[in-house]
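Listed next as structure tokens is one chain, alone, in the form predicted on its own.
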Amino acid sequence: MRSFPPGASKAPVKFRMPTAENLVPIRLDIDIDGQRFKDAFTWNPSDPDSEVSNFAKRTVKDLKLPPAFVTQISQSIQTQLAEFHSFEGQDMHIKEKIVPLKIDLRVNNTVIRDQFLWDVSNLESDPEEFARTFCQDMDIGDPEVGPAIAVSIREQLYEIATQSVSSAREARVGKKGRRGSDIVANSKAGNTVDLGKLFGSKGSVIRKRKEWYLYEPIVDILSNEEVGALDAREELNARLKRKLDEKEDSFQTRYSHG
């Protein structure tokens, strides 16, 4: 694990993913006329806009999806990239600290649950390398699991990075309290922990010996029957959510013109 001298990364840095490669996590969940497409991957925000359209066309062609998916895939990716670009150029406070990250995924027949501490101040950290090592250590053969773990890590780090922009704003305007300079706001992964107070200067991934029983990874392989039952349940939940969203949109449209 890489070590940092005391005081490293205490000054604000310009917004970016707090990792070696500035890759943005992208998640798609698109439904058109009852046909659903889900995917998650990373994207280089420096790539030209034309790559988004090319990617959407290739995906639709390779998966034999209806042509209408091209526009929806392109728009979803562009919206997520636009959100990322909206933070660029702004300061974010990343001090020496670690945050707990959690993995709770099902990829095909494989269920993965894990939690560990990640040093957000290490801008050379590598979620993809961590995921590859994890899969090797746990003897996971499905090639789709590693990328899914890396995307999950990046999603949590991305949320922390965007919230760090707010912390930097608070520090600049001199608001009372130490929220801007001493902690990062709560993320999906939980409350942050001050690295300097608990661990000194540590590397990017830490599993505390005295808490190994809490941080032991769990990998389960489901039967095809179990996978089928989970897929059916998820599809039912998705249909119910779509119906509720449609009712809400109809309600808002009706009363916005009233």
Partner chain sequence: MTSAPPPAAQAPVLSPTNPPPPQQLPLSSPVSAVKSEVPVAESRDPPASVSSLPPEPSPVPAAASYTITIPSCSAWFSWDQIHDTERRILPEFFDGKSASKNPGVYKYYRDYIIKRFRGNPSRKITFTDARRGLVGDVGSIRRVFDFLEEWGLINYTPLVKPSAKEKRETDEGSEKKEIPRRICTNCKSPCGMTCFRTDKADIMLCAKCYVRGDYRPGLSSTDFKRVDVTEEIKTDWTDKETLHLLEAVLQYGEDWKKVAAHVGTRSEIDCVSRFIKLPFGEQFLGHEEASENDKPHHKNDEVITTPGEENDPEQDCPKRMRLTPLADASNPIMAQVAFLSAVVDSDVAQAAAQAAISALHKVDIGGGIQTSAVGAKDEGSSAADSQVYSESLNEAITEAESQLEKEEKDVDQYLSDIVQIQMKEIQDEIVHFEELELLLEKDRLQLQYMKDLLFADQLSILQHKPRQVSKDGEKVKPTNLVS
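Residue numbers count along the first chain shown, from 1. Keep in mind that this is a model prediction, so the values were computed, not measured.
Unshown form predicted together with its partner chain; subsequent notes refer to it.
Contact annotation for the candidate site: Pro25, Leu105 and Ser164 all lie away from its partner chain in the predicted complex (no heavy atom within 4.5 Å).
Heavy atoms of Thr59 reach within 4.5 Å of its partner chain in the predicted complex, making it an interface residue. When its partner chain is considered in the predicted complex, Arg113 lies well away from it, no heavy atom lying within 4.5 Å.
Remark: Asp39 counts among the residues lining its partner chain in the predicted complex, judged by a heavy atom distance of 4.5 Å or less. Taking the partner from the other structure, its partner chain in the predicted complex has no heavy atom within 4.5 Å of any heavy atom of Glu88. The single contact residue among Leu157, Ala131, Met92, Leu117, judged by any heavy atom lying within 4.5 Å of its partner chain in the predicted complex, is Ala131.
In summary, among the residues Ile32, Ala232, Leu63, Leu222, the only one with a non-hydrogen atom within 4.5 Å of its partner chain in the predicted complex is Leu63.
Shown here without its partner chain, the chain has no residue in 216-248 lying with a heavy atom within 4.5 Å of that partner in the predicted complex.
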